[in-house]
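Below you will find one chain, with nothing else, as structure tokens; this is the form predicted alone, and questions on how it binds or moves follow later.
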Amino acid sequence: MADAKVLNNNQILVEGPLPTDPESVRLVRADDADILLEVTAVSPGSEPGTFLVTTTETLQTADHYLMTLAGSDLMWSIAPSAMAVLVAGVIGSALINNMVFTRYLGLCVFFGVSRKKETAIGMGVTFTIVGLLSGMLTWALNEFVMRPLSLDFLQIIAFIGIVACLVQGTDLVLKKVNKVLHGKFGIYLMLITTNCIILAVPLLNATNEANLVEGFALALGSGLGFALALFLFSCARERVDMAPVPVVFRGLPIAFIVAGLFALAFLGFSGLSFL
């Protein structure tokens, strides 16, 4: 398999022997292998042994393409690099598709531990670690056990079991290491077990049939996004608690209003692409 990469919206740089007849080049998206993308020209590249393939279709660097030659076994796989997928996945799940402000998941823990900045930071770090570990363990379980044995109907039960074990272990470790922070978390630490975000990550990975890099990016980005949301919201709530808020809005009402403003702000990331 030879090397190739998308240069811009309608050109692909190809390494290896390539005829200049565009009709002999077959280009498709990996997800739609039956739909040919029209190739209009094949010209020599700037480096020896390279060629530029020009298409009429708009090419996306985030998509996976396959290119073959008529009457030849040569194949070019054009896909984003693992590092690009990782960076885009982390930023996308942390900002563009933030689990709290765009998907509205994990709100119980979010409102429960965001009164103080110290508690919010501690929960953010704890949640990110548990979410990353559970995301990777559930991905491995689903990829190597549940899918080969056609046990998809047991996904929720198996995933919750893994998360519960990790949360229980985190509870024991935190109780030994930092009793003060453990006391501030209270029941919300154990509620991580049934947190929507913790369960959404493995289910999204399983539904989208994510590979290792994509699964890692979603788990890490979701944890970092939740930690960022907690930190920003706790900073705002500390300021609001010192403000002369009308009695009828004090407590959760003003907290929901502030959360809504943050959600509107995060909508500004919608449509961004990092690939």
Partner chain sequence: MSTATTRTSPPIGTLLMRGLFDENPVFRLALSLCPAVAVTTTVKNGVMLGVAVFVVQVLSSVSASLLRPVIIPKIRVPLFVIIIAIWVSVMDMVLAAFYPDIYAEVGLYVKLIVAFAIIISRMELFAMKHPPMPAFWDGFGMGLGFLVAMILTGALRELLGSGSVFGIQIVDFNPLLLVILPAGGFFTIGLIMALFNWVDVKRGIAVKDDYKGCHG
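Residue numbers count along the first chain shown, from 1. What you are looking at is a predicted structure, and each value in this text was computed from that prediction instead of being measured.
What comes next is about the form predicted in complex with the partner chain, which does not appear here.
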Only one of 136-144, 120-128, 79-87, 96-104 has residues with a heavy atom within 4.5 Å of the partner chain in the predicted complex, and that stretch is 96-104
In the predicted complex, does each of L7, I12 and M67 have a heavy atom within 4.5 Å of the partner chain? no
Checked L74, L172, L203, L151 for heavy atoms within 4.5 Å of the partner chain in the predicted complex; positive is L203
I'd like to know if R115 sits close to the partner chain in the predicted complex, meaning any non-hydrogen atom pair within 4.5 angstroms. yes
In the predicted complex, does I160 come within 4.5 Å of the partner chain, counting heavy atoms only? yes
In the predicted complex, does V109 come within 4.5 Å of the partner chain, counting heavy atoms only? yes
Is there any non-hydrogen atom of A259 lying within 4.5 Å of the partner chain in the predicted complex? yes
If the CA atoms of Y188 and M123 move by 3 Å or more in the predicted complex, do they move toward each other or away, so closer or farther than here? closer
